[in-house]
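The data below hold one chain only, encoded as structure tokens and taken in the form predicted on its own.
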């Protein structure tokens, strides 16, 4: 969200030049005041900013900087400010630059000079780094929960189609018979790894920067372990320069989000193809499709198409953050104000795409007869015939050549392999193929032979689903 998109941030700049002007001889240029303000988007961090301030005040009391009464007054004032924000009663002021100064200014308005003591021993540098980490930690928890729901829906759909025959593809050409359930579980595996990446990323996000102050630490000797415990951090950023200046945790999240959306985009590409009249493998629920402004017969798969498109958006946010950080010397630089919008957009985009799939996937219908017919058309049991010959002691390369000739003959006659006679299958040079070959040339027989870990046999698909449910 930019300042222009946020009417509450379109306020007349303070003619005195805004806050923190003590050492300057002239007011901030009005354009600069708007250009450098971040309140239009970082107000989103208000919960984290207040939580961090409450923990900081509690720590200041613990080390004797604040009295018990002063701490209680500050905490009460911050709690009131959060209520004002959530009730829409607080006016965000652009001349106060950001969420931190807006909240601090309002605190001083509410409780007087005691509010001026809150910022003792900290900087906006470690304050914002803490806020972002708290916000991203909560976002990861939300996204992991969403991913779990999507994985459950995917496993349910796979279980319902463990016996549904469809063609497996390479180069988008029918290759071998598989089950729709097995195909869906391939997407399950990819999305499960995406979830694991977010959980792993969370470990590095959940480290406390507060106490690093501007860049060198604080002479008040803050009890950082105590603050980490109050805010639920797993550990502490051990170098003050690193704590305030790096955003690798945000970059790592955007990388994980981009990879997750890449998987979702590939899956959605298949949905778009499969829902077309040319494939007709699946029927998408009407409420997740749209119509055409001119063609009344159209049922457009706009949701999977948009997910496919939004992947580029998150890829772009990853590049934005990488580029943002690549030239920065230690420690904090104003460049880092630009970290929030791409991060927030990546969070929102991934969450929205997961929400869409969570609603759509349980209502996808497999057109089983169409899938079966498509599998019959592509000579998909050719590899099974080659494997049959190998079991008859024919070298694989010779078997490959024999089957290729049989496919050529069947194609010329408009038949399937299973429709050729024993003599036609053998050709002029061999008699090794016998009537038992027709057992392996059936689609169900072909699928059933892949009864091993990772195979497409219905029995293996059901076992994979059982294992998968235990991991969600």
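Positions refer to the first chain, counted from 1. Being a predicted model, the structure only gives us computed values, none of them experimental.
The same protein also exists as the form predicted together with a small molecule; that form is not shown, yet it is the one meant from here on.
The listed set 100, 202, 93, 135 contains one residue whose heavy atoms approach the small molecule in the predicted complex to within 4.5 Å, identified as 100.
Here is the short version: of 147, 206, 125, 317, the single residue with a heavy atom within 4.5 Å of the small molecule in the predicted complex is 125. Although the partner is absent here, residue 332 sits close enough that one of its heavy atoms falls within 4.5 Å of the small molecule in the predicted complex. Although the partner is absent here, residue 308 lies well away from the small molecule in the predicted complex, with no heavy atom inside 4.5 Å. The small molecule in the predicted complex comes within 4.5 Å of a heavy atom belonging to residue 42. Contact check for residue 28: every heavy atom lies farther than 4.5 Å from the small molecule in the predicted complex. Figure note: of the listed segments 254-262, 117-125, 221-229, 136-144, the one touching the small molecule in the predicted complex, with heavy atoms no more than 4.5 Å away, is 117-125.
Not one of 182, 459 and 463 is positioned with any heavy atom within 4.5 Å of the small molecule in the predicted complex.
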